[in-house]
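Read the single chain below, which is given as structure tokens and is the form predicted alone.
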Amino acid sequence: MPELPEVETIAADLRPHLVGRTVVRCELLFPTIVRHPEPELFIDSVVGMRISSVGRRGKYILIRLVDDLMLVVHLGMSGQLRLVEPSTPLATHTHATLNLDDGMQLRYRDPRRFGRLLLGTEAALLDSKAMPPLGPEPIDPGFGADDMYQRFRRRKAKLKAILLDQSTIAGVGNIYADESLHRARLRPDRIAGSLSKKSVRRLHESLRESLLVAIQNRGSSVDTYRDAWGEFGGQQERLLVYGRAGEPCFTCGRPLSLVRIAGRSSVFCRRCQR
């Protein structure tokens, strides 16, 4: 699933090309990809709208329109959002196309169909629960180690599960949870509330570093992720533990272990992480 660095890369790619553009036509080839409002109302509402900004919140791409409306794209497990010429052959599993006033097309493709499109004001999307409340952004300079410690203290869930909880911290998924825990030398099955301030400070620093480096390298193409131009990211070549179960730890040489936490696979080193 695309996580914060991948979504940030796509939003940054699209921003200079979408801001100021107007949607002149919308075609839904798989209408149920729209989760709010009804697909027919979605089409009627988005056509004619001018794009004022493109941003990101957690794992969501936010395309802001006039009248406080937001077109929200959640890529799910395999979603891809690309800006292409109309003559570009239509890829299989393309579920939505927005035609822009400069002749370009914004296409949403999702082979596994776990992603979704939303349209509405932020308040309406939250009230309808189409978009969940999200925790702070881990790369926001205003989110410090003390803030993370306060969110972790008294929590009895395992550390990996807390990192994946989007209401605690927004944007972190399986890849960067594993990577940041390894860099911080913390086991994923530690109880979050048991961490000292020093350990939380180390995790805060490693999480921020893992995410910022991944953004610089345009994300991790470990599965279906591609940027807005269909190109691979580069961070997958630099991952320390994710997807490497059974392979030697780069630090100590011991085979990396695999466990399941919160329904997700977690790879870590039993010697280096405590």
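It should be emphasised that the depicted structure is a prediction, and the values quoted were computed from it without experimental measurement. Note that residue numbering begins at 1 and tracks the sequence as displayed.
The next section is about a form of this same protein that is not shown, the form predicted in complex with the DNA.
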Do residue 89 and the DNA share at least one heavy atom pair within 4.5 Å in the predicted complex?
-> no
Look up in the predicted complex whether residue 111 has a non-hydrogen atom within 4.5 angstroms of the DNA, and give yes or no.
-> yes
Partner contact for residue 260 in the predicted complex: the DNA, 4.5 angstroms, heavy atom = yes
Should residue 242 be classed as touching the DNA in the predicted complex when contacts are defined as heavy atoms within 4.5 Å?
-> yes
Assess the spot marked by 60, 157 and 265: is the DNA within 4.5 Å of a heavy atom from every one of these residues in the predicted complex?
-> yes
Using a 4.5 Å heavy atom cut-off, which stretch among 97 to 105, 166 to 174, 180 to 188, 119 to 127 contacts the DNA in the predicted complex?
-> 166 to 174
Tell me, out of 77, 84, 145, 139, which residue has a non-hydrogen atom within 4.5 angstroms of the DNA in the predicted complex.
-> 77
Going by heavy atoms, what in 1 to 33 lies within 4.5 angstroms of the DNA in the predicted complex?
-> 1, 3
